[in-house]
Every structure is written in C-alpha cells, then in structure tokens.
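Shown here is one chain on its own, the form predicted on its own, set out as structure tokens.
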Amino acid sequence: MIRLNNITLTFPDGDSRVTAVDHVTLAAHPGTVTGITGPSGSGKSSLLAVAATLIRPDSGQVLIDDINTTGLTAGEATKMRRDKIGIVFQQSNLVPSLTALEQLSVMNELGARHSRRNRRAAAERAGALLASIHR
C-alpha cells in the first residue's frame, strides 16, 4: 500500500515559492486502481513523483508498505522503486525498432541490474506480461 500523509511540495519561483501540492492525504491499496484527476497545472504529476520517491516533499510522509520513504537515501529510494513501485511515464521513450516483447525485455533487464544471469528471467517476465494483456 502507498499512503501519502499531509504532503506539501513547493518549487522555487523567483524570490518566493509556488505550491504544487498542498496538504494532500490519500491511500492507494494493492489490487485497486487509484485515479488522480484535475486540470493542467494542478499538481497531479508532482504528486505522483512524490508518491514514486522521485521527489521529496517539503512536508508530510510517504509510506510504502509502512516504510517512511521521505528519509531514504537516493540509493535506498532507487531500491524501493525497483522492488515495490511500477511507474508508467507519460512519455514512454520507446525504441521504434523494437517489438513490444523486446521493449519489455529491455525494461526488465534494466530492473534486473544489467545482470547477464537475469536476462532469461527478464525475457520470461516480459513474455508473461504480454500474455497477461492478450487474455
């Protein structure tokens, strides 16, 4: 489960700061879909970046499986993303010459830390992911 407790995030704006996320609390439970909607510029992407440990909030807590991620080092946050979080970016940056299976294999290999021994497992996982959407 991912829980955001009273998250506030600001960015510098000249001599002041602009508030992107203002005291937001929410929970996303495993096996469910959580939608975040709002107009352009309302802080949706900023909130998701905080939830994914890509940006640290100014205040509040981000709890992933009851671990407070706001105090993690960069390396610990990277491990948390690799092990616990799935991120689908708005800009996919896919390689046009690769098939869907090859795209997934590459992404899984990156997640497997570039290990040669994990390539077979990454390819199998990619196949399983594609099979799951063709049902």
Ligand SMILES: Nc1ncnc2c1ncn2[C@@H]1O[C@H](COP(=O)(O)OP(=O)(O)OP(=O)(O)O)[C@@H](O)[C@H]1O
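What you see is a predicted model; the values in this text were computed from it and never measured. When you see a residue number, it is the position in the sequence shown, counting from 1.
Missing here is the form predicted together with the named molecule; even so, the following discussion is about that form.
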Quick one: which of 40-48, 25-33, 70-78, 94-102 gets within 4.5 Å of the named molecule in the predicted bound form, going by heavy atoms? 40-48
Would residue 122 count as touching the named molecule in the predicted bound form under a 4.5 Å heavy atom rule? no
Heavy atom of residue 126 within 4.5 Å of the named molecule in the predicted bound form: no
Is any part of 51-79 within 4.5 angstroms of the named molecule in the predicted bound form by a non-hydrogen atom, and which residues would that be? none
